[in-house]
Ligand code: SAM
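Shown here is one chain on its own, the form predicted alone, set out as structure tokens.
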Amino acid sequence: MTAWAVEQESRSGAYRFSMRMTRVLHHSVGEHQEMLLFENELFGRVLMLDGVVQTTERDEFFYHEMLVHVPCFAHGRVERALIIGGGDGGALEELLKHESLRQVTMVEIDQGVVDFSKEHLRSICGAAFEDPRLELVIADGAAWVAETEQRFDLIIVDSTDPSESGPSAVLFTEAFYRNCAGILDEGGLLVSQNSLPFSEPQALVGPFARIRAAFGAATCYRVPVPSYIGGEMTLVLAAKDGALPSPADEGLEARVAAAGIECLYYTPAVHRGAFALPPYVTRLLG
């Protein structure tokens, strides 16, 4: 009998997204979340947390490249970065490709996810967790940001989806965003995943308003992720003191060319086009 992993759209419960499990590699219920890893003919290894697809071997590059390279190239020279969450290591692996990066701190609430990724998802994280530029902190991200005296050029919030409860809920509050703004250096940027505007519009509307209130200005850009229920994801970009970088920046191509980073999705043209928002999204932003 064929086994299927099912993710249900959480707002209305109106539809489900299923993947055939050709082999279950791991299933556990830990202190913070339920983890399921299985193989699928199309997507390769698939990681689900609490019944929601987080990443797959086949399409992780869509999300991780756009999460990391858009703010990095928009900034121009990221030397110190902070990742909140991101235990699968995909964002970290992309970030470490930037030669300007001197140090990256990752604050992940669940050591088990990191250990799990190092054992089962090397095709996504590579050797990122062994890089000497990494400082790995196992802690609550919101509490850590509120207490740290460190300063950063870039903060990446790579969490599970916005929700009213669960371990990531505190990462979508105005207090958290204000604390993030307080530890950014001049010209610093924050990027946060804000779910799927078609199927989960409230996951964009509330957090976007809070980011805009905390930073003074914010904008969105889009990335399609085939394995995510709803298809098209929004990422929110905010800048210290509201000084948002322009997608029309004439130096973008030169910076990307000089970096020499090989991508499967990201290009300067894709970077610019991602900020062209359709009306159904701009109406959500208010």
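Since this is a predicted model, take the numbers as computed values, not measurements. We number the residues from 1 along the sequence you see.
As for the form predicted together with the named molecule, it is not shown, yet the points below apply to it.
**Student:** With the partner absent here, would Val70, Thr234 and Leu264 each sit within 4.5 Å of the named molecule in the predicted bound form, counting heavy atoms only?
**Tutor:** Not a single listed residue reaches the named molecule in the predicted bound form, so no.
**Student:** Which one, Ile84, Ala203, Val191, Ile124, lies within 4.5 Å of the named molecule in the predicted bound form by heavy atoms?
**Tutor:** Looking at Ile84, Ala203, Val191, Ile124 one by one, just Ile84 meets the 4.5 Å heavy-atom criterion.
**Student:** I need to confirm a contact call. Of Asp131, Asp110, Glu79, Glu174, which residue comes within 4.5 Å of the named molecule in the predicted bound form, counting heavy atoms only?
**Tutor:** Spelling it out, the residue with a heavy atom inside the cut-off is Asp110.
**Student:** Which of these stretches, 182 to 190, 101 to 109, 211 to 219, 145 to 153, has heavy atoms within 4.5 Å of the named molecule in the predicted bound form?
**Tutor:** Selected stretch: 101 to 109.
**Student:** In the predicted bound form, does Gln33 come within 4.5 Å of the named molecule, counting heavy atoms only?
**Tutor:** Answer yes; at least one heavy atom of Gln33 falls within 4.5 Å of the named molecule in the predicted bound form.
**Student:** Val170 near the named molecule in the predicted bound form, any heavy atom under 4.5 Å?
**Tutor:** Heavy-atom contact with the named molecule at 4.5 Å: present for Val170.
**Student:** Taking heavy atoms and a 4.5 Å cut-off, does Asp158 contact the named molecule in the predicted bound form?
**Tutor:** Flag for Asp158 set to yes.
**Student:** Should Val53 be classed as touching the named molecule in the predicted bound form when contacts are defined as heavy atoms within 4.5 Å?
**Tutor:** It does: once the named molecule is placed as it appears in the predicted bound form, Val53 has a heavy atom within 4.5 Å of it.
**Student:** Can you tell me which residues in 115 to 145 come within 4.5 angstroms of the named molecule in the predicted bound form, by heavy atoms?
**Tutor:** Read in sequence order, the residues that approach the named molecule (within 4.5 Å, in the predicted bound form) are Ala139, Asp140, Gly141.
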